[in-house]
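Before any questions on how it binds or moves, here is one chain, the form predicted on its own, in structure tokens.
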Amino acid sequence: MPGTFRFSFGPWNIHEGADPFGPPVRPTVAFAEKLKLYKKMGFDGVQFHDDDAVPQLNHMSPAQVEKAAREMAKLLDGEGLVAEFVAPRLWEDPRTIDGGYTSNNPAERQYAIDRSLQTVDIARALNCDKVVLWLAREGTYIREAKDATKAVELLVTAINKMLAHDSAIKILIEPKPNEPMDLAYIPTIGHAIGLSYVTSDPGRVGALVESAHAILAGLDPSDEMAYALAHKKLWSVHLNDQNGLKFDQDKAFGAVDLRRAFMQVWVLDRNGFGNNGEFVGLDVKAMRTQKAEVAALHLSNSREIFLSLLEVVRGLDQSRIDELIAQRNYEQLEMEIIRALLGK
């Protein structure tokens, strides 16, 4: 059965253009103004960090946090949008310098867990049942500094507490092999899925595959997606592109390698992705050189590229493909794909 595709992105994908080597180059866009762009560009879902949904949450009481989250839910509803997921931001607070769940400091580990439980509450107030864990600082700069076996156990403990906190919540693990940490404990989708099976409720722990993160690990994103799909644990994707094994670039989907992007669309569509409500999420950044008035093109372009590739996937002659596979004529099969991409 073919897939059903709805699209989402996070408010951080419309940004000021600052990077580690330079200041902002574009004016800040108010959150409410960002929300007004979603439907205009063909998007239905909003990805949230906890403090995107509730700014300054570290300085608010639980009741204040819940009230702010419910106000955000009303704002979304007024724009005809839904929250796809909420993710605890555990990489900017001073208490997470050495990791959140895997910090060597017990008090800092407790802070990470408490904030994650609060994220679960925010998600539910937004009528959302998914929490994404990008394990940004769950790793180390020097292997001898932490016990890697204990680190996995600490991650399981944290996830189990989230699962126990809300019986309906689902946890999506988003792996990345490096950056900001040099050595990540959960670098690939295989690690993420392996981790899910040692939690207290594996049926509620799945994965989110980001194209660039797979490429940074030297892997093909479509294979990572297919692996998660085989386990019935691909519950979201972050589509983007990447120029080689360097820093995480978050380029527009398909902008670097159209063939690689094609295969991701192929895998998603042929495995019915989206038929259970999953979103095609984008995590793409505008080039720093982009002027403010055209600083959302990376989002609309990525969606357009996906839908164009979807037409190519669905326009292929399946009987011809089956024939070439049966003949083991893979050179010709490849040429059929290239011709389709070239519009021939």
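None of the values given here were measured: they were computed from a predicted structure. Start at 1 and count along the sequence shown; that's the residue number.
The next section is about a form of this same protein that is not shown, the form predicted in complex with ligand XUL.
Enquirer: Answer yes if any heavy atom of residue 283 is within 4.5 Å of a heavy atom of ligand XUL in the predicted bound form; otherwise answer no.
Expert: Yes, residue 283 sits close enough to ligand XUL in the predicted bound form that at least one of its heavy atoms falls within 4.5 Å.
Enquirer: For residue 248, is any heavy atom within 4.5 Å of ligand XUL in the predicted bound form, or not?
Expert: It does: once ligand XUL is placed as it appears in the predicted bound form, residue 248 has a heavy atom within 4.5 Å of it.
Enquirer: Since only the chain is shown here, I'm wondering whether residue 108 would be in contact with ligand XUL in the predicted bound form (any heavy atom pair within 4.5 Å).
Expert: Looking in the predicted bound form, residue contacts with ligand XUL do not include residue 108, since no heavy atom lies within 4.5 Å.
Enquirer: So, in the predicted bound form, is residue 91 in contact with ligand XUL at a 4.5 angstroms heavy atom limit?
Expert: Output for residue 91 is yes: heavy atoms within 4.5 Å of ligand XUL.
Enquirer: If we take heavy atoms and a 4.5 Å cut-off, which stretch out of 169-177, 144-152, 253-261, 109-117 is in contact with ligand XUL in the predicted bound form?
Expert: Result for this chain: 169-177.
Enquirer: Verify the flagged residues 12, 134 and 213 against ligand XUL in the predicted bound form: is each one within 4.5 Å by a non-hydrogen atom?
Expert: Yes.
Enquirer: Taking ligand XUL as it sits in the predicted bound form, which residues of 18-55 have a non-hydrogen atom within 4.5 Å of it? Please list them.
Expert: The one in contact is 49.
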